[in-house]
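The chain below stands alone and is given as structure tokens, in the form predicted on its own.
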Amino acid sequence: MSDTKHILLGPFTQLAPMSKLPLKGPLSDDQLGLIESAGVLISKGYIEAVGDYKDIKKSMGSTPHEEILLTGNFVGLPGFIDCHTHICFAGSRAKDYAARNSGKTYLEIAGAGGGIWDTVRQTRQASEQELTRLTTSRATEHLSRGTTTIEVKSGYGLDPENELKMLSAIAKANETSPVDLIATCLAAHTIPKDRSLTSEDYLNEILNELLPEVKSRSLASRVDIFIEEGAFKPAESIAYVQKAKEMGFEITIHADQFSVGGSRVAVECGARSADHLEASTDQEIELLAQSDVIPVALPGASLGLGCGFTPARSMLDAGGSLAIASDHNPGSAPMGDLVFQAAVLGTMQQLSQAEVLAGITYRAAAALGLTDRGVLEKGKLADLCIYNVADLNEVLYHQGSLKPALVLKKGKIEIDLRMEAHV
């Protein structure tokens, strides 16, 4: 397809533009504003118009344009946004999985040499080229499931040299992958075990040695920290993120996974999002609801660790927002299937279709501070996920087993399985 011509895509049996939804609070399915017999007009990777297919086609008149004709039943959504992943890593943690199923806890496994530190060892041994290849491969897998934007964290380097290697690998993967990869520096993932450093020593090393280099090389604009037993305490964490914020970084927080405290730091420092929140109580839920912080549920971690889910229903009912991400990582969430996880969370927390879909599109974009995607409307990126079915409800009903027939990134077809799709 030419980059200079208009592209008319349709007709869709149903199109869910996700464009008139509030950022916070509960959503009902009648708020989706589905458009039937819809068309999308695209130019230079952006959306020019959304509306009735015949009306758009008629308005084009003699204007040169190409058509992507959808013959049969198709439903369309914005490309999915996975706002929390760790897909830059090497190795496997299958032994951790077996140990958990045998009764060991996450923290016990970490104390015995498994957990994050096991992945650190394997990731340090991998070259930047290998990490780039692995990250690109995983991004391609996500793309095949309809995800067009992926946040990717470092955090398996735990020293300036290896953290920079990870972030460089993410940047190089972003250059060649059609998926947009949004890098986050999670050097404050845990305290390195191979050096005699206090948590204060390590956080100062990140602030003084690593983050200035990350900023000068434009490797990430976001900083994360894991606030938890065995990682970093709330008091030292807020001092760290406040300094990172002064350096010009946006902030996100690994919060309330096993114990509370992280969500309060997220609110106090004005973080973009607070992610995990499985341990959040009514107090933390109310605190988040009264703030601009986007809560991010990670159901893959709940499934992988066998623990409770983020209290998503309570967060929405309290007036908060809700994004949903896969947490794709080698330890607690190795599957990485965003739609499956979102569908399961919807079932376990009694979320409407609108709440789930907003959580992986519009509200997920907000968790990353992105205003150019997550909805289908004029001026936004032409990122679309399209299924060969007649009813939007089929998407979550199949809990991830239904794959997209078409995935477009910036108006370009990246996945086309129309001959293999459900009809």
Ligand code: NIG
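This is a predicted model, so every value here is computed, not measured. Heads up: residue numbers just count along the shown sequence, starting at 1.
Here the subject shifts to the form predicted together with N-(iminomethyl)-L-glutamic acid, a form of this protein not shown in this document.
With respect to N-(iminomethyl)-L-glutamic acid in the model of the complex, the three residues 341, 345 and 399 uniformly fall beyond 4.5 angstroms at the level of their nearest heavy atom. The stretch among 134 to 142, 243 to 251, 201 to 209, 324 to 332 whose residues place heavy atoms within 4.5 Å of N-(iminomethyl)-L-glutamic acid in the model of the complex is 324 to 332. This chain is displayed alone, yet in the model of the complex one of 182, 158, 169, 116 has a heavy atom within 4.5 Å of N-(iminomethyl)-L-glutamic acid; that residue is 116. Site annotation in the model of the complex: the residue of 237, 149, 123, 257 reaching within 4.5 Å of N-(iminomethyl)-L-glutamic acid with a heavy atom is 257. In the model of the complex, N-(iminomethyl)-L-glutamic acid lies within 4.5 Å of some heavy atom of residue 226.
Contact annotation for residue 74: none of its heavy atoms lies within 4.5 Å of N-(iminomethyl)-L-glutamic acid in the model of the complex. Although the partner is absent here, residue 86 lies within 4.5 Å of N-(iminomethyl)-L-glutamic acid in the model of the complex, judged by heavy atoms. In the model of the complex, residue 232 stays away from N-(iminomethyl)-L-glutamic acid, with no heavy atom inside 4.5 Å. Contacts of stretch 270 to 298 with N-(iminomethyl)-L-glutamic acid in the model of the complex, defined by any heavy atom lying within 4.5 Å, are made by 276 alone.
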